[in-house]
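Coming up are structure 1 and structure 2: the same protein chain in two forms, each one given alone as structure tokens.
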Structure 1
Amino acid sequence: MKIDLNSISVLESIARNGSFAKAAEELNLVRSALTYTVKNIETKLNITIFDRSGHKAQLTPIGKYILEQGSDLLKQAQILEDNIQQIASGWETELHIVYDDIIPLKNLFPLIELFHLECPHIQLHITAERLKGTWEALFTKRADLIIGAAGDFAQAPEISTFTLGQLDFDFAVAPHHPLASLPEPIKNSEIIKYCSVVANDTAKELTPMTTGRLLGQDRIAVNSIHSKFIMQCAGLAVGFLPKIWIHDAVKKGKLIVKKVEKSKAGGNVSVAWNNQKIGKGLQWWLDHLRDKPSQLFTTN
């Protein structure tokens, strides 16, 4: 190879300092060593990198091109060295977190912000899934950590879990929906007359789960709890929603909570991870989720 990273570093220093002498001082080298490095590249490639006719060493067009491309190589090399040190000290370079969107993403913001402040060199990948799709992301190694997972499908010995807390549900309808004016508790025979909206399970390989729908009831399927929430606020459909999603909407009169003949029981949601590979970044999340799980259940 006719140009190596050390040579690029020498060229960068000369260009930035405007002279071979100042660059030699910065690099703690004799000036002749820099002159030799530059001349060696110029001879091998049959080019001129610096115009030395003036008081300052000026890059030629080809010299500018070499440094433009070379600067990226220097940065990548530095990133590589940093990543090697990061991994050697037990920190991951990136972390893949999947959360069940039954927990509003904004409830994760305080943890994300704190993690970024304390661990700025770890790249976070945060993705939403639903129901068994959350577990599937862990089983297929698309996730290092899952948050808010419903049920308990962790049958493999390498999967560890702990309970975050319980999510409770209310049957909610828009104020202008026909069910809003019916006496409570509303019977199933009345509810079944109207369309329900269901947030689909995102699992592709595991058998999907379906919840909150009466047998024979028409339904609209959407891809997120947020979409379900919006459709119920619009009065297009009815159904159960997590209390943490509807608190503010009920307060503002966008939704009405109705007692029904058959309520939906609350359920625990969990954190799960692969216990065979726990870096310091993953351990940070586990410690903080154990420490203050209640912040994930802040009402919306």
Structure 2
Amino acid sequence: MKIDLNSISVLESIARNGSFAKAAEELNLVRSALTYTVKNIETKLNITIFDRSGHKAQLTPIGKYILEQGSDLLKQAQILEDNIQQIASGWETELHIVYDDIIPLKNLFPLIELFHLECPHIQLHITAERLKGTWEALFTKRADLIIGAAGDFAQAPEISTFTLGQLDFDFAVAPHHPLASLPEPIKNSEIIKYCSVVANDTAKELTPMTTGRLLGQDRIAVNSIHSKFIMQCAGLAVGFLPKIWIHDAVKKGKLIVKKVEKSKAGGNVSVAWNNQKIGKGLQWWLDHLRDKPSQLFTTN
């Protein structure tokens, strides 16, 4: 390797200051030290970087090229150095959070904003998955933290979890749907006459979970609760939806909750993470999630 970061920053300083003398002052070096450094790299590369034929030194075309590209290199090295310091001080440089799409993303907004305020230098990656998809993200290390994961699949000792709370479901239909006008509780034999919509498991490797639907019923599979929700609002299909998802729609009359013969049991949702390398960023999330888990289940 003939080039080194120090030489590049010397070139950069000379170019920026317009002369060896000014750069020497900036770098707290004597002029001849810069002559030495520049000559050294010029000799190694067998090129000329500065044209010193005039009074002041001027970059040659190839010098300009080196400066341009070299500055990029310097910047990246600086970023690397900063990141090393950040990691060494216990903070991650980025954090991959996967949430189960059963939690409305907007309920995460307050935490995300606060985190950004307190740790603006940590890049958050927020991804939605469904059912076992969250666990898969954790096991494959695509996620550092999963929020709202269904059930408790933490078979491994390096996975820690705690329960966020319970999600309850209601059977919801559009006001103009035939089931809307039936007397309650609606029997399964009625429900299976109509199309249902299920939000698919997003797991690709783990065997997907199946979630309550009735045998023999037509069904559509979608890949998010939101798709399921708007499909039920449109009256295209029926099914169970989390109370937190339909609260507003029910208030506005866009969906109607019906009692059914066999209701769906509420399920616990959890937070889970890999306890092998807990950085301060992850700890921040764990602390805040433990503090007020209820904020994730709010309806406004």
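For residue numbers, the reference is structure 1: its sequence is counted from 1. Each form is matched to the other, and the largest set of C-alpha atoms that superpose within 1.5 Å is called the rigid core. Computed from a predicted model, the values in this text were never measured in an experiment.
Quick check on the two chains I just loaded: which one is the form predicted alone, 1 or 2? Number 1 is right.
Rigid core superposed: residue 140 CA moves 2 Å or more between the two structures: No: residue 140 shifts by under 2 Å between the two structures.
Could you tell me whether the Cα atom of residue 21 shifts by at least 2 Å between the two structures after core superposition? Yes, because once the rigid core is superposed, the C-alpha of residue 21 moves 2 Å or more between the two structures.
Threshold 2 Å Cα movement between the two structures at residue 231, rigid core reference: False for residue 231: its C-alpha shift is below 2 Å.
Fit the two forms on their core, then tell me the C-alpha shift of residue 38 between the two structures in angstrom. Comparing the two forms, residue 38 shifts 8.1 Å at C-alpha.
Superpose the two forms on the rigid core and tell me the Cα shift of residue 65 between the two structures in angstrom. Superposing on the rigid core gives a C-alpha shift of 7.0 Å for residue 65.
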